[in-house]
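Okay, so here's just one chain, in structure tokens, the form predicted alone.
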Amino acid sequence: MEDTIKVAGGTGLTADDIKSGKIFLTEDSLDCAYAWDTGVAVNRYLAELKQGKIIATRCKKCKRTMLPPRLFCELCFIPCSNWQYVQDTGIVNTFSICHVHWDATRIGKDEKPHLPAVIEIDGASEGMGIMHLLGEVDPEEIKIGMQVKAVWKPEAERTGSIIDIKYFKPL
């Protein structure tokens, strides 16, 4: 007995209907390419990273220097058009010792753990900074408040990405 697919109120179909060509069937694979617009603030931020510089925006009203930069202050709701370079040094605000890769696979026994940290960048307002990796440090040596400095990729290898900074190392 043939399997018949029945749809409420419709016509039943069989696998033979499809195989014999009575029913047209097509399969396709879509190539769904897309583009992501970084926006004005992040675009400039990434362009400056490519040059080995970190840039922030400053609010005229509350005087916060915001990193990553924004085009408006989320506290004052006013536009921010004042750009300001900040240092490539800072302090560790918080950190983690990760024994898994980004795809949740375990790090091998012979591999060092990943050391993500939130770095409050010097020159930005308190609490403002970026999440990045720590390097050239043993996990046991990391402390909240530890001073760190960016280690940049060579200029020829930079692409305008947050990973133009390889990691932050202790000062």
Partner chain sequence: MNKKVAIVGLGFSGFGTTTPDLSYREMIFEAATRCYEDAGGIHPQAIDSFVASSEDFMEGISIADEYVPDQLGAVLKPVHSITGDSLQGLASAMMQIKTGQQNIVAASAFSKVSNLSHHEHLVSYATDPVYIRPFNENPYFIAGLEMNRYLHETGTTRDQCAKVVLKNRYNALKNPGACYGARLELEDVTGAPALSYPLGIYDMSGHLDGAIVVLLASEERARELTDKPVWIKGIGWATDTPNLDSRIEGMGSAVYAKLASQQAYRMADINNPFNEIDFAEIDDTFSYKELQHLEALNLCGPGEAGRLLELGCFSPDGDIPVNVSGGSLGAGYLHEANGLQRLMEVILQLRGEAGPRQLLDVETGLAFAWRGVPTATGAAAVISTRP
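Numbering follows the first chain given and starts at 1. Keep in mind it's a predicted model, so treat the numbers as computed, not measured.
What comes next is about the form predicted together with the partner chain, which is not displayed.
Handout entry: Candidate stretches 100-108, 35-43, 135-143, 122-130 - the one whose heavy atoms come within 4.5 Å of the partner chain in the model of the complex
Key = Partner-contacting stretch among the options: 35-43.
Problem - Interface membership of Tyr85, the partner chain in the model of the complex, 4.5 Å heavy atom rule - result: The answer is no: Tyr85 has no heavy atom within 4.5 Å of the partner chain.
Exercise for the section: Would you mind checking 69-103 for residues with a heavy atom within 4.5 Å of the partner chain in the model of the complex? Expected result: Contacting residues: Leu71, Phe72, Glu74, Leu75, Cys76, Phe77, Ile78, Pro79.
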